[in-house]
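Coming up is one lone chain in structure tokens, specifically the form predicted on its own.
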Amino acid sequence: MDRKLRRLLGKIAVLIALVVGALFAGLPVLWMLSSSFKLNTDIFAYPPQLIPPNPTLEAYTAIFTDPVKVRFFLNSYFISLSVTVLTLLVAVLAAYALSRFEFPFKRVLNVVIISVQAVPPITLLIPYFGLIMFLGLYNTYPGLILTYMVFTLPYAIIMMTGYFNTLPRELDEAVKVDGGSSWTALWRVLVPISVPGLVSVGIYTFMIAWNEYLFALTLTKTPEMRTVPIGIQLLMGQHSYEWNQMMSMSILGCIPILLLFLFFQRYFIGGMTAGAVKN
């Protein structure tokens, strides 16, 4: 067989595989989007219709006009943004210390950070519940924020340490020669050129906090403290499911993550690559 023909057939096979994969991954999302514009009774109509015959905004109206459901989104935004900002702040300081300084038990601390990252979160559910109750943080924002930070910080520290390790130490030395301190070198030089790493870690952290379900369910009890994943689950009633509202809330819940990837995709990929190069 001619080499050009084989190359053409190979490209066609790859293209077909990509199309099949895209359909496999995209059709559930398209069905979710379609169902969000249907009446609850039309979702299970036979034969199924991907394009709603009578599109309606009933599900979205029900969400935006219900203060409790709107509160789910406000809670998720507040908690996720708080976790992201605090995680980045602590991770930058910890990563700078691990990357630039030598101190006792540094290797032990690195092992502990990696070990915490390796622990399945579900195994910590009961101990954390008891700890949160003991501290009086049950059903509070600080309780959820501190809990999420336990799971996001190890990854953030590991990635930022790897990113700082790729930056030459001459940058710090140049600042010190000019009379600056380590603090100045960190915030005036290293952090501004570490934007790709910060963005990648920030997106990851926001995703973890936004999508987390188990601890949000266990550590909260009132609708005023629930987040979007719990809000979706609450639409599954004892006698009926609000499928169209579940789909619309899922679509609205996907939008923040989608926008983050669309606007910061190149930073995210670059930061992930740089942070994994050297550690």
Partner chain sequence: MRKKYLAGIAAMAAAALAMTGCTGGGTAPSASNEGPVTLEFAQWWEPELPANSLRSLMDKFESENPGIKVKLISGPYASTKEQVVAGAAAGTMSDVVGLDGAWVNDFVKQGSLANLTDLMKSANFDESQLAAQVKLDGSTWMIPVANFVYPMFVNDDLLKKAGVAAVPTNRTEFAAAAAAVTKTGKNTSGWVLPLDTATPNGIQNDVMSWVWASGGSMLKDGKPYLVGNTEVKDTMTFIKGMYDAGSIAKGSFTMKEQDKVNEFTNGRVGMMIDSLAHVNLIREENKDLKFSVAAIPSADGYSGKRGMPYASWGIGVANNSKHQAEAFKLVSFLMGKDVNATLCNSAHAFPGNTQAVPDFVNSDPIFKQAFEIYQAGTATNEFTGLPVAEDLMRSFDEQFQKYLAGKQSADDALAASQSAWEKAFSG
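The structure displayed is predicted, hence computed values, not measured ones. Positions refer to the first chain, counted from 1. Rigid core: the largest C-alpha set superposing within 1.5 Å between the two forms.
Below: the form predicted together with its partner chain, not depicted.
- Taking non-hydrogen atoms only, Pro192 approaches its partner chain to within 4.5 angstroms in the predicted bound form.
- Although the partner is absent from this view, Thr218 contacts its partner chain in the predicted bound form, with a non-hydrogen atom inside 4.5 angstroms.
- Remark: Gly237 counts among the residues lining its partner chain in the predicted bound form, judged by a heavy atom distance of 4.5 Å or less.
- Looking at Trp243, you'd find a heavy atom of it within 4.5 angstroms of its partner chain in the predicted bound form.
- For the stretch 24-40, the set of residues having any non-hydrogen atom within 4.5 angstroms of its partner chain in the predicted bound form comprises only Asn40.
- When two forms of a protein are overlaid on their rigid core, residues whose CA moves 2 Å or more are considered shifted, and Pro142 is not one of them between the shown form and the other one.
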